[in-house]
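Here you get one chain, nothing else, as structure tokens; it is the form predicted on its own.
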Amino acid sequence: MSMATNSKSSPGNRAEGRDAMLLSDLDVTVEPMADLGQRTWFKTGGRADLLVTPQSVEALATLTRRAWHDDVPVRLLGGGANLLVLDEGVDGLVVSLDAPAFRLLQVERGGASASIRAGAGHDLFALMHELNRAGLGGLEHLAGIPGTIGGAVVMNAGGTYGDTAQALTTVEVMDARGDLAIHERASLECSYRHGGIPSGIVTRATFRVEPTDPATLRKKFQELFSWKKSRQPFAASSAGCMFKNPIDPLSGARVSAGLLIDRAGLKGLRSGGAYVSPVHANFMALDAGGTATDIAALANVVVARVLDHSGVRLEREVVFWGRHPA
């Protein structure tokens, strides 16, 4: 890949020249001014100066090493399910692990036990269906959770029935110098919405699964998915739960963020084209024509109103990206 630039004419062109050096001779696909907003579940938001999709682990390693050396911010784009891209857009490099090299799935069977190795870019919805067909249980508690394997591992995604870490056995992480290391689950300090992953890029992970009757597994998967659909606004333009469930300062127990928002009387609250879902108060959704600015403004109002009502400060679960170092 080559990019013709004049690196001396302006700050913008200097950045383009820098990016050309980062990406030269690499097996990557590049999309300048990529519409990131449309790649998120909100379906709105700004653009990335540069969206890069490495086609191999080696290309990712070299790109990561060069970006670290030149102090260029790098963000990882997963399935867009837990992300709001602010209307101002995103600087630096946005890296997508959507190439086949990062979406591989391998199954290893050994008598009554089995394991799977999945690339970081593998889609969680697709994985659930593949495990159902293969008759492999152990991850069905993640049914209905959107995103990719990498994102699920990093944030320890989960819900009422369990989280990602409970079936995780190892995770492969690439550090800023492009070096790979495999970390055992026992060495990771996983907790609520925190995978305990060392700084770097998750490239793949392995999980413990077990042979299960496909019909039984399919029925359980459908029950869990139906339960979620009945309690969450699946049809809305939403990114999942906006806030983490906080610790109640009085009881010391974790309390539902949705319950706190509901008790503050905020279901249906609007800001521009954004609104708090009347189905589940921890979901924020958009009308047609709504913007990322609307969502961000609504989230700020909800934080302030819940703090005033209950004394609890909510922390966002949805990640906001803008023009600042990652």
Ligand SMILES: Cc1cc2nc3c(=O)[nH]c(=O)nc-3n(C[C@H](O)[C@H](O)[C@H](O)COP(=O)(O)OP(=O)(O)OC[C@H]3O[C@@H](n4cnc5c(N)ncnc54)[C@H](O)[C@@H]3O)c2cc1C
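Remember, predicted model here, so these are calculated numbers, not experimental data. Start at 1 and count along the sequence shown; that's the residue number.
Not on display, but discussed next: the form predicted in complex with this ligand.
Asker: With the partner left out here, check for me: in the predicted complex, does some heavy atom of Gly200 sit within 4.5 Å of this ligand?
Answerer: Yes - in the predicted complex, heavy atoms of Gly200 and this ligand come within 4.5 Å of each other.
Asker: Given that the partner is absent here, does Ala81 sit within 4.5 Å of this ligand in the predicted complex, heavy atoms only?
Answerer: Yes, Ala81 sits close enough to this ligand in the predicted complex that at least one of its heavy atoms falls within 4.5 Å.
Asker: Does this ligand get within 4.5 angstroms of any non-hydrogen atom of Pro146 in the predicted complex?
Answerer: Contact check for Pro146: yes, within 4.5 Å of this ligand in the predicted complex.
Asker: Whether Phe234 contacts this ligand in the predicted complex should be assessed with a 4.5 Å heavy atom distance threshold; does it?
Answerer: Yes - in the predicted complex, heavy atoms of Phe234 and this ligand come within 4.5 Å of each other.
Asker: Which one of Val90, Ala120, Leu131, Ile116 is close to this ligand in the predicted complex, taking close to mean a heavy atom within 4.5 Å?
Answerer: The residue in contact is Ala120.
Asker: Tell me, out of Ala167, Leu136, Leu76, Leu127, which residue has a non-hydrogen atom within 4.5 angstroms of this ligand in the predicted complex.
Answerer: Flagged contact: Leu76.
Asker: Do heavy atoms from each of Tyr161, Leu259 and Ala299 fall within 4.5 Å of this ligand in the predicted complex?
Answerer: Checked in the predicted complex: no contact with this ligand for any of the three.
Asker: So if I measure heavy atom distances to this ligand in the predicted complex, which of the stretches 149-157, 107-115, 250-258, 214-222 falls within 4.5 Å?
Answerer: One stretch meets the cut-off, namely 149-157.
Asker: Would you give me the residues of 39-58 that have any heavy atom within 4.5 Å of this ligand in the predicted complex, in order from first to last?
Answerer: Heavy-atom contacts to this ligand in the predicted complex: only Trp41.
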